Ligand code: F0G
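Shown next as structure tokens: one chain only, the form predicted on its own.
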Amino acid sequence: MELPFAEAWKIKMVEPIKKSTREEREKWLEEAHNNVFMLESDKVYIDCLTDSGTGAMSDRQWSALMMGDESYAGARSFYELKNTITKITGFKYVIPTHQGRAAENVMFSYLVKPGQIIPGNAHFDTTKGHIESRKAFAIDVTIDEAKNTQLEIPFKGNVSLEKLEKILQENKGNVPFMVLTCTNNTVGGQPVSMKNIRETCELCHKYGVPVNMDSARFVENAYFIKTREEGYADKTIKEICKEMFSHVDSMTMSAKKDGLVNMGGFIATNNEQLYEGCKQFCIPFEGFLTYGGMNGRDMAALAVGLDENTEFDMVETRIKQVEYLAKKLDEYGIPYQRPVGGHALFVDADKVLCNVPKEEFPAQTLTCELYLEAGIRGCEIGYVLADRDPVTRQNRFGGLDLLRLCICRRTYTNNHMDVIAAALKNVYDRRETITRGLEITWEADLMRHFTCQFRRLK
């Protein structure tokens, strides 16, 4: 008899979570203006808002915390981190930052000028925000197949080379770099193939444009290359990661995801000019070069986390749990972005709440309904997150409208996945009765979804 799949770790510490009544949740959600970001965490039963900084660290990481060197300059922990990053990525220049958006802030402060064009495979919220706040333009060049949530292809996060070349041709001299996001979060945590990474970089380099990889979930991307792309089945995750980074010119990293830490990030490159340019923004924005925005103990834990998570058993355990949840939704007929991604399951809100018009934000409405149903907090990745067009100030309704259910690393059991699936089924079963959505009553000019306020329409 074949043995069932089991986690590559065992539990050593637990944290209690609280259940609540629907009446309590209705009150709390109203007080939060129907924005689940505004909920206090102890009012949440199962938290799928994000996988960023929410995972459980290992015993080796906790041990490393105690050994962290907190020296202001030249900390041993920095060199431990730098050597680990260089071993995995091949990049010799490293600038630590407090998280991924800080890495973007440092790098983009050096590279981005008003009026420039920065193509990418569906820039995520902070990336787009950092570009548009500098009066530049983020242009999506993801393949069209990504918009068909029910289409099953192995690398749905790929760059459309035709779209990319059109942008490069029409904007010669005005494209400072391209952002290649692996995995592609905005379209459902979808991976990018090694072939597409290589061909994208070759095309950009033909036009003299460097490529920066948004690498928050690069390990998960490597796993999908190993399991889905011909020629990589016998390669290790570390070997695949090294090859991925060999094609690009630099990386920005939110280490709160595949780094398995609660806070941290970095920039890495072999380009000395880029490194020198970023250095001048690191010191005033983040801190000295050998700590950036991180404590020594956090750098020590990150070095261990990167090493641990680039082993096959660890990342496979993580992705198998997301697949487990997807199979439960398959049983219930609930539509999501297929095939399921590495870090989250993305429910297609347009296909679930068919009676809610796009102007009333179906995915945000579904997010609220799931919380009311069972205290489960997800995240809207859709029309609210897309922000308004910076020129016309109109809502951008051209992309997908998804409810993202992030699965924290090494945090929940499959019993929790069963609860999430059952709660979604309950909402799905009464979907025909949900005919009205939400109206925005207040919003920020940039990255509005974090603090937006809504009114429920009746």
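Throughout, we count residues from 1 along the sequence that is shown. Computed from a predicted structure; not experimentally measured.
One more form of this protein exists, namely the form predicted in complex with the named molecule; it is left out here, but the text below deals with it.
Visitor: In the predicted complex, which of the listed residues (R101, H247, K163, R76) lies with a heavy atom within 4.5 Å of the named molecule?
Guide: Of R101, H247, K163, R76, the residue with a heavy atom within 4.5 Å of the named molecule in the predicted complex is R101.
Visitor: Note which of K156, R318, R377, R217 lies within 4.5 Å of the named molecule in the predicted complex, where distance is taken over heavy atoms; exactly one does.
Guide: Among K156, R318, R377, R217, a heavy atom within 4.5 Å of the named molecule in the predicted complex occurs only for R217.
Visitor: Do T126 and the named molecule share at least one heavy atom pair within 4.5 Å in the predicted complex?
Guide: Contact check for T126: yes, within 4.5 Å of the named molecule in the predicted complex.
Visitor: Quick one: is S52 in contact with the named molecule in the predicted complex, heavy atoms, 4.5 Å cut-off?
Guide: S52 belongs to the contact set for the named molecule.
Visitor: Looking at the partner-bound form in the predicted complex, is K256 within 4.5 Å of the named molecule by any heavy atom?
Guide: Result yes; K256 sits at the interface with the named molecule in the predicted complex.
Visitor: Examine N185 and determine whether its closest non-hydrogen atom to the named molecule in the predicted complex is within 4.5 angstroms.
Guide: Yes, N185 sits close enough to the named molecule in the predicted complex that at least one of its heavy atoms falls within 4.5 Å.
Visitor: Taking the partner as it appears in the predicted complex, which of 329-337, 248-256, 198-206, 146-154 has residues with heavy atoms within 4.5 Å of the named molecule?
Guide: Going through the listed ranges, the match is 248-256.
Visitor: Can you tell me which residues in 402-439 come within 4.5 angstroms of the named molecule in the predicted complex, by heavy atoms?
Guide: Sequence-ordered list has one entry, R404.
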